[in-house]
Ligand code: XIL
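Just the one chain here, laid out as structure tokens, in the form predicted alone.
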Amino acid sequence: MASHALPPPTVRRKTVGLLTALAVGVLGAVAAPVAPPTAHAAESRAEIAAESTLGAAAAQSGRYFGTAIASGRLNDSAYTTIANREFNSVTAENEMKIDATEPQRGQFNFTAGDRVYNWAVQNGKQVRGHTLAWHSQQPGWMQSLSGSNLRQAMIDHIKGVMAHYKGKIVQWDVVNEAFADGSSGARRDSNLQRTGNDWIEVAFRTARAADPAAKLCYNDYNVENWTWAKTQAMYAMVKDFKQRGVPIDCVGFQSHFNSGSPYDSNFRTTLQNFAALGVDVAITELDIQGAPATTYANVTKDCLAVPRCLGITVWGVRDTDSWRPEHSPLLFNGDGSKKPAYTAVLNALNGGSTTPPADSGPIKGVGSGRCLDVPGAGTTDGTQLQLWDCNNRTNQQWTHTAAGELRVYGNKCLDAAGTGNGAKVQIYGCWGGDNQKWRLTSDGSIVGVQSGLCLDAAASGTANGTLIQLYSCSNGSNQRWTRT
């Protein structure tokens, strides 16, 4: 193995000349994010064969394959054509970071972030939020703060950004890069760390209260090798958080592999060990120096081998869009042509995983003892769900995906036909709308992200054929469900 010396610190800043575009956005008028399409006409966008693109191939196992998107490049048709065709998840490259979203204290601006978000949802993609609390890319006003004043500013920032995107962001990188480089295993000496060692915990608790539906992630780099001190320190923190009930749902591995921080085959062990703590894992910023096809394929297979691996995000579309273009680290050349690494990843995704994705199986009503069922094993869009004797057939097998969907047959989603009491709950082709996203709570209820209402067996029915609807949450036994 090559040495695991760290790359120069200056390499860590992923701005690559986009700050000018961000500054223009910050000065513009604030635009609210558009709502995801509510009509099923959105499904009419061209469909691509499941095995022919990265996103579609990843979706076969309930995962996503995403990319970082820069708002300043959304006028580049070659860029957007590739991004729209290949990826089913989007992370804003810089546009949701602290300096972009709160350029002056208490004055939020989401112009650039909303441009990325709106492009993503209009094209049927889920969105990851990046990032809420970080020592880098802080605006000048925040850099000048310390102590309790800085701590309150961090809390207010998390609340403000998450309120704007509440119910719309699948995962948030709540805290980014809090551990020191090297072999100490210590926390990074940042202004946030100097507010007190509990700052990360406070950030996660604040984020949970701000948007209970979002997955909350800790995100870092050079933590892929299981033997490294930085990895072990992060593992100890996550283990402690899970034991004490600190609300952490996932861990993001940036996976910027290069000659100073190379890929090691024990990355799969790292993913497995973190998942065993009870958190999801995700590869959040993947790029690999020289884009070797074998390494890209191995990283993809590592994710597929771990049921709780939500998906993979590459940090840019083409090499010319990369934050380190001199390394040619991505799946597409500057002219948009596919590299051998692209084919290797696609083949790995299409090979699938012998391990099913997490959270798959029947959903049983607590009050009835019967299962959530598609009548007659139908596949027609608009078919309303019912209760039926549990039989373990495919029309009763539900997968809770990284996007928050409940899928049946692989390509049909549990879908709310409205947002009011009594709205029909049906199956419909998956298209990424908030009416197809659900939050599985600790009390057994299943809550619609768009409506805030609960999955309900009509009239508290318990018999075969009882229809499923939305209704105000009451914690009744007809609204509580178990995974079997």
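Residues carry their position along the shown sequence, with the first being 1. Worth saying up front: this structure is predicted, and the values here are computed from it rather than measured.
One more form of this protein should be noted, the form predicted in complex with this ligand, which is absent from this view; the next part is about it.
K.L.:
So the ligand isn't in this model. With this ligand brought over in the model of the complex through superposition of the site C-alphas, is the pocket blocked (at least 3 atoms within 2.4 Å of backbone or C-beta) or open?
P.N.:
Pocket blocked on this form.
K.L.:
Examine residue 128 and determine whether its closest non-hydrogen atom to this ligand in the model of the complex is within 4.5 angstroms.
P.N.:
Contact with this ligand, no.
K.L.:
Residue-level question: is residue 285 within 4.5 Å of this ligand in the model of the complex, judged on heavy atoms?
P.N.:
Yes, residue 285 is a contact residue.
K.L.:
With a cut-off of 4.5 Å between heavy atoms, is residue 273 one of the residues that contacts this ligand in the model of the complex?
P.N.:
Looking in the model of the complex, residue contacts with this ligand do not include residue 273, since no heavy atom lies within 4.5 Å.
K.L.:
Counting only non-hydrogen atoms and a 4.5 angstroms cut-off, does residue 256 reach this ligand in the model of the complex?
P.N.:
So residue 256 counts as contacting this ligand.
K.L.:
Find the only residue in 267, 199, 323, 179 having a heavy atom within 4.5 Å of this ligand in the model of the complex.
P.N.:
Exactly one listed residue reaches within 4.5 Å, namely 323.
K.L.:
Pick from 388, 134, 398, 332: which residue has any heavy atom within 4.5 angstroms of this ligand in the model of the complex?
P.N.:
Of 388, 134, 398, 332, the residue with a heavy atom within 4.5 Å of this ligand in the model of the complex is 134.
K.L.:
Using heavy atoms and a 4.5 Å cut-off, decide whether 94, 219 and 315 all contact this ligand in the model of the complex.
P.N.:
Contact check passed for all of 94, 219 and 315.
K.L.:
Given the stretches 378-386, 116-124, 232-240, 171-179, which is the single one in contact with this ligand in the model of the complex, using a heavy atom cutoff of 4.5 Å?
P.N.:
Of the options, only 171-179 has residues within 4.5 Å of the partner.
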